[in-house]
Every structure is written in structure tokens, then in C-alpha cells.
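What follows is one chain in C-alpha cells, specifically the form predicted on its own.
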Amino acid sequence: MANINKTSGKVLTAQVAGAGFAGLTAAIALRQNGWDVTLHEKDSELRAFGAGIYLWHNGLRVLEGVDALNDVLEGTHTPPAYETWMQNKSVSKETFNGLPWRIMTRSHLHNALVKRAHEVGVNVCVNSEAVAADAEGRLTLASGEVLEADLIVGADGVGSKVRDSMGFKQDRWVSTDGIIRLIVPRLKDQLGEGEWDNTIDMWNFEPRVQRILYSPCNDKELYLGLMAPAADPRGSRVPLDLEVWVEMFPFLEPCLAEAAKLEKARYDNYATTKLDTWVKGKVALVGDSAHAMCPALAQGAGCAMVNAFSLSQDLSEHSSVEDGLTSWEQRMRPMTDRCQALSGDYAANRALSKGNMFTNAALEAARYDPLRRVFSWPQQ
């Protein structure tokens, strides 16, 4: 059923800049609510960047809400436990009281959302880069074309041109540590004895600071997150400095040897972006353009998808776009801010190395059910 402007009688239109997880989710949810939606991607095709991803209860419920969950569940993995090691010895195993969570490749999740966007009739435009927007609902493309809409969604990432063109005030800071993210073959049978179906968060502080987040995605693919301080030239080197990683994590040598072959690896500093507001007039920012966060709580994508999905809910309950956007930010921002702040604190203090750090506060965003708008999972 079309979403009709009660004043003009016309179908409401949305222009969405950026076809990552947030942009795709926003486009699908709006389209499902009857909006005429156009999604703009600056590259020549829709494809995922990065390696692996964790989705928790909140993100999985979004996938259920946009009817993409079944496609995502196939070919992904829920580990029996989240295990933490310090100096190669286990210090904790967390099961989150049965809270649903899932590990997958980013391409697997992205492909499922792209498929769903096409199914619901989102108009997808590639080679179409948004370079500016204004509060009255105009989106300017790199081609010079200016498009008018009832809603502009800026989902164009950390370097958002939609955001920066409109002068949103922002604080941005970079952490001491960074990460190399890779997908390699599981090679489980080559790793010897161990609970290799678990997530294993391996920390070493001596003789140098290095961490590997070992994350099985499925039977064949393994997501590795290799953390080292930015000031460590060998730990942060890409392609991977195999010797320095094998020295610290010798039991993972078969997987690390595969990782060292990947020449397109990238070292990314942990970064946080906080804005004074997510909305201006008819423009809303979602995902990393609004609230990029450190990956300590594995909620960057989850919060992005939840907020993108929730946007359509608030817009459907208000007679004006501006009122809907104001309501949306007031409803969703406090939880996102708390998640962002705690994630940044955990990253700065390397708190996850202690084990048993997924407290009720750390799992707040994960426990949120965006379909019912409640915290539906029991606390630990």
C-alpha cells in the first residue's frame, strides 16, 4: 500500500545516499511502508566492503522485519560460546544467557539485503554519488542533477558528503589501536585440539600488544580480526607480517599463512563520530555517517540497521516528515549514544581482555527488539 501525503495526495518519496547495510535497510523498510524509494550507490555495483560481521538479537530482528532473515541464516554460524584468552590461556566463556547472535561474512549479509531491495521494488542507481543535500529535501548528485524528495537519508558512511555538505557539527576521535580484518579458509582440521567452533578473543600484552578475534562464519570461512596499536609498524603492516603474528599465535599458523597472502588487506584505526543531531529538516543520517563507533561491542552494523529500520516506523506515525524524524531521533538516540560510549571506553581500556565483560549494560543494544520496541531478552 502506498504511503500518501495527506495534504497533496501524492506518494511520499525518499532518496537514500549509500548502499551499505544502513542504506539498504532504510530503503527496504521505507519501501515496505509504501514509499517510492531511490537508492544511490557511487560505485559501479552494489558490493560489501570489509570482511566479517557479528549480528546480535537486535540486528537479526531487523532482518526478520525486512524478510531477509532466512537468507542470512543459511551459511552463517552461532558459536557455542564467546571465549576470551589472555596470554594464550582461557579466562572466560560467555553464552549470553541464550541471547541470539550470529557471525557471517559481510558479503553474505549484503547480498541478502540487495536481493530483498530488488524484491520490494527499490529503485537502485549505481554510478550515482550524492555530494550534497539541504534541509528542504534536495539531493545533489556528482553529475550535477538535483533531486527533490519528501525525505533524504544520508547513509554514505564515515566520510558522508550528505552530512558534511549540511554543516552537521561533529566530534571525531581515533583510538590508539586499529585492526586488520580478513576472511580466510577455516582449516579447522589443521589447528589441533581445541574448541575451534567458538569465537575466541585472543589477547597478548607481552612481549607486545596483539589481539586476534577468531570468528568462524560457517564450515568453510573464518573471519579474523587482528588488532595492534597504530604505533606498532609490524603489527599494523599490510599485507600481514606473518612472522610477528605467528610468533604470538603459533597455533593459528595455517590460517595466518592464508591471511598473509591477501594483498588487499587494510589496517583501520578504531574511530568514533558523534554529531550534535542526526536530523535537519527533511534529512536524516543513519549508520556510520551519524554514529560511527569502535567495534568492541560488535554493534556498529546492528545499531545502524536498527536505527535505519526504526526510521520508517516513526515516519509512519506522524503527519509530517520533520515531526517523524524528530520523534525517531529522540527515541533511538539515547540507546545508541550509550552503546557508542561504552564501546569506545572498552576499546580505549582494552577491557574485553579481562573476560566476562558482556554485562547487562554492554548487551543493552543487543537485547533490543526493534519490531516490538522492547528489550525482549532476559537479562543475565
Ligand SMILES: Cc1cc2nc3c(=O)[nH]c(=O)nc-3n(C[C@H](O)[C@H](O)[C@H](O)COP(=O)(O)OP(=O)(O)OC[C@H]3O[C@@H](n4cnc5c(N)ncnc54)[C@H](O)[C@@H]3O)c2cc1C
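Residue indices: 1-based, along the sequence shown. All values reported here derive from a predicted model rather than from experimental measurement.
Keep in mind the form predicted in complex with the ligand is missing from the figure; the text below concerns it.
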query	finding
Contact of I53 with the ligand in the predicted complex (heavy atom, 4.5 Å)	yes
4.5 angstroms heavy atom contact with the ligand in the predicted complex for S128	yes
Contact of D288 with the ligand in the predicted complex (heavy atom, 4.5 Å)	yes
Contact test in the predicted complex: H40 vs the ligand, heavy atoms, 4.5 Å	yes
Check all three, G137, F168 and L325, heavy atom within 4.5 Å of the ligand in the predicted complex	no
Answer option from Y82, W245, Y223, W278, heavy atom within 4.5 Å of the ligand in the predicted complex	Y223
The unique member of I200, I179, L99, V124 whose heavy atoms fall within 4.5 Å of the ligand in the predicted complex	I179
Contact segment among 183-191, 202-210, 292-300, 246-254, judged by heavy atoms lying within 4.5 Å of the ligand in the predicted complex	292-300
Contact set, 18-53 vs the ligand in the predicted complex - heavy atom within 4.5 angstroms	G18, A19, G20, F21, A22, G23, H40, E41, K42, D43, F49, I53
